[in-house]
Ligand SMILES: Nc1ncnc2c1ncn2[C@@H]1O[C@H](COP(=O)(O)OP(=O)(O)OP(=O)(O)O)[C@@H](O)[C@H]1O
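As structure tokens, one chain now follows by itself in the form predicted alone.
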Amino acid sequence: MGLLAKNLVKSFGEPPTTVLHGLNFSIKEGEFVSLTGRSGSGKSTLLYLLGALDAPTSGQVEIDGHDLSTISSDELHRLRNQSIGFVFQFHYLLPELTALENVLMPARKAKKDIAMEKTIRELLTEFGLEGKENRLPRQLSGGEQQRVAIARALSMSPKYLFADEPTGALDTANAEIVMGLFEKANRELGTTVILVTHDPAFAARAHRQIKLVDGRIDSDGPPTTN
């Protein structure tokens, strides 16, 4: 199964400005793919289409054989909550909830939070957050907040993890920790990871690199460091 993009076009505004021009590619289960390109190349727009956060102007996205444009809103909601995890440059944690409560949010939506609390506590420990489960986001460092956000994205064991510049607001040490968590999820859990990054060194750690130039695929293959 996996992800399939068919003739993806995305335009914004009136008159429309086309940001993505008829992209075609597939991503297999278990791949670690980096999306790269200059600012404005369309990589974040593409990520949101693949992750079902936005709809294409034309063309289609399929996840495990499901055409996102034809499934019901209930099915789409279920797919987002159970099969897809998203991590952004900024953590978007709920400020009034503790670290544990933030990570439990997807489970709560699925009415599984009580059953999963022990597993979530173990996940926080694995992420180096033991003893900080009851702290509010403002009581955590930036790196810790991002680790909480990644734990939340992985809490339902999604098949697909989408990350949009997840290290962009972090220092070098914390960025390295975050990349290590993505690699571990990919290696040990078989999570398919699609990472938007402007960092050539991080892009090169993926199995495959799709480089966009002006909304078109410039190259697609083994990562490069330039």
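For every residue, the number given is its place in the sequence shown, counted from 1. In this text the structure is predicted, and so the values were computed from the model without any measurement.
One more form of this protein, predicted in complex with the named molecule, exists but is not displayed; see below.
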- Query: Counting only heavy atoms and a 4.5 Å cut-off, does the named molecule in the predicted complex sit next to every one of Val19, Thr45 and His198?
  - Reply: yes
- Item | Touches the named molecule in the predicted complex: Asn186 (any heavy atom, 4.5 Å) | no
- Task: Spell out, yes or no, whether the shortest heavy atom distance between Gly180 and the named molecule in the predicted complex is within 4.5 Å.
- Result: no
- Does the named molecule get within 4.5 angstroms of any non-hydrogen atom of Gln60 in the predicted complex? no
- Message: Residue-level contact is defined here as any heavy atom of the residue lying within 4.5 Å of the named molecule in the predicted complex; does Gly30 satisfy this criterion?
- Response: no
- Note on the structure: Of 187 to 195, 37 to 45, 167 to 175, 22 to 30, the segment with heavy atoms within 4.5 Å of the named molecule in the predicted complex is residues 37 to 45
